[in-house]
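Shown below, as structure tokens, is a lone chain in the form predicted alone; questions about how it binds or moves come after it.
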């Protein structure tokens, strides 16, 4: 498995949807490639940060968040 293939399979791996025949090569690559190991760790942190950011969708945006940033995020969601 290449690093590019590894990246393509990360979401399925974390969700438990990676087929068994792909799981062993994925985990073997993970155990041997420090870069992909770090990439997967950062990917997990990003997912968790996203979950935390939306734990309360009714919560007001803090006053110190720039208005341009808020507008850009809302535009990107459309």
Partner chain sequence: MQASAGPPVASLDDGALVARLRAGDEEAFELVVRTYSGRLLAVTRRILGSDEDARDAVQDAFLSAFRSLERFEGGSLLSTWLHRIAVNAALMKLRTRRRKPEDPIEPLLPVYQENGHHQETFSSWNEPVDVAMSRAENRARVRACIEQLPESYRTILLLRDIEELDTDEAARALGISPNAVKIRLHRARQALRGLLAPHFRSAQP
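Positions refer to the first chain, counted from 1. Remember, predicted model here, so these are calculated numbers, not experimental data. The term rigid core refers to the maximal set of C-alpha atoms that superpose within 1.5 Å between the two forms.
The same protein also exists as the form predicted in complex with its partner chain; that form is not shown, yet it is the one meant from here on.
Peer 1: How about residue 28 - does it come within 4.5 Å of its partner chain in the predicted complex, if we only consider non-hydrogen atoms?
Peer 2: No, residue 28 stays farther than 4.5 Å from its partner chain in the predicted complex.
Peer 1: For residue 65, is any heavy atom within 4.5 Å of its partner chain in the predicted complex, or not?
Peer 2: Flag for residue 65 set to yes.
Peer 1: Even though the partner isn't displayed, in the predicted complex is residue 60 close enough to its partner chain, meaning a heavy atom within 4.5 Å?
Peer 2: Residue 60 belongs to the contact set for its partner chain.
Peer 1: Does at least one non-hydrogen atom of residue 45 fall within 4.5 angstroms of its partner chain in the predicted complex?
Peer 2: Close contact exists here: in the predicted complex, residue 45 approaches its partner chain to within 4.5 Å, heavy atoms only.
Peer 1: Can you tell me which residues in 47 to 64 come within 4.5 angstroms of its partner chain in the predicted complex, by heavy atoms?
Peer 2: 47, 48, 49, 50, 51, 52, 53, 54, 55, 56, 58, 59, 60, 61, 62, in sequence order.
Peer 1: Quick one: core overlaid, is residue 59 moving 2 Å or more at the Cα between this form and the one not shown?
Peer 2: Yes, its C-alpha moves 2 Å or more.
Peer 1: For a quick test of reading the superposition: does residue 69 move by 2 Å or more at the CA between this form and the one not shown, rigid core aligned?
Peer 2: Shift at residue 69: 2 Å or more after core fit.
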